[in-house]
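As a starting point, one isolated chain is supplied in structure tokens, in the form predicted alone.
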């Protein structure tokens, strides 16, 4: 079967040694089993993420993302641009939409891109990896390669905010998106009811206003415990990092005993497809998912 090919934008947090490197590790087995080939965009640059919405203005943010789009158009023509990070996807998707709608902004963006001998033509489509799985593979397709059904594993599907607004997945509710629950169920696990699935983890407030961010994180984790979840899964590197890492600090400040594993959906899928602890990147977790490690053979 011919592989489905996509221009892949990894994003900064997924680089070797970065906070989400285990996310990309788990993509390997998952994509191989689904006949997906991710072709990394050469010489890509940072999308600007949250800081891109600061005082630098709209044009610099557009140029940062348009450069990646233009390289993909030139070197990987005809391939949709796919990212695993909602912040990166948001930046790319916004640039596609804004530059399509506003000729002057597109002209100014291309004036800047002339400095690096690039032109953004506007033929790109920016997608999140979950869109590819749902729309191009389908839930039955996700289920098909499962060799280790995750029976008995209870999972809280935490979509977060940037993967949900302003774009989200076509046809899904912003208040109660169900696609992550369906992906969890496709690999044999139980998606528990979870009222915090579209809540914000606090994002960059974890640095500027830690008390506020940690209050939100505590709610996210405690809701998972309230619904008897064994672990939380998310499609967002920032959500994963915040919700996992700050549990220890919350425990220290408030005398709680939070110890909830927080993983990526791709790690769950990789284990169900027969991937090892290492192949799923489970050995990179701060809080180990003991039940999933056992299924993976770790």
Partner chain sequence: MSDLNTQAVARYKNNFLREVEERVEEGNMVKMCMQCGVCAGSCPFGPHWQHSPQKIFMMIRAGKREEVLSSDSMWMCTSCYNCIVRCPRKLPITHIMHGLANYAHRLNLAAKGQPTRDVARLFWNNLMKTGRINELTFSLGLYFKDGFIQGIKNSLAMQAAGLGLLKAKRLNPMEIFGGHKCKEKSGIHRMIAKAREIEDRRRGLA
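Positions refer to the first chain, counted from 1. All values reported here derive from a predicted model rather than from experimental measurement.
Just so you know, the form predicted in complex with the partner chain exists too; it's not on screen, but the next bit is about it.
For the options 29, 38, 229, 63, the one in contact with the partner chain in the predicted bound form, meaning a heavy atom within 4.5 Å, is 63. The contact residue chosen from 185, 80, 222, 108 relative to the partner chain in the predicted bound form is 108, the criterion being a non-hydrogen atom within 4.5 angstroms. At a distance threshold of 4.5 angstroms between non-hydrogen atoms, residue 246 is in contact with the partner chain in the predicted bound form. Taking the partner from the other structure, the partner chain in the predicted bound form has no heavy atom within 4.5 Å of any heavy atom of residue 136.
At the 4.5 Å threshold, heavy atoms of residue 90 reach the partner chain in the predicted bound form.
Contact between residue 195 and the partner chain in the predicted bound form is not found at the 4.5 Å heavy atom cutoff. Contact with the partner chain in the predicted bound form holds for none of 130, 143 and 218, as no heavy atom of theirs lies within 4.5 Å. Of the candidate stretches 149 to 157, 187 to 195, 119 to 127, 168 to 176, only 168 to 176 has residues with heavy atoms within 4.5 Å of the partner chain in the predicted bound form. Residues 90, 94, 98, 104, 105, 108, 111, 112, 113, 115 are the members of 89 to 115 with a non-hydrogen atom no more than 4.5 angstroms from the partner chain in the predicted bound form.
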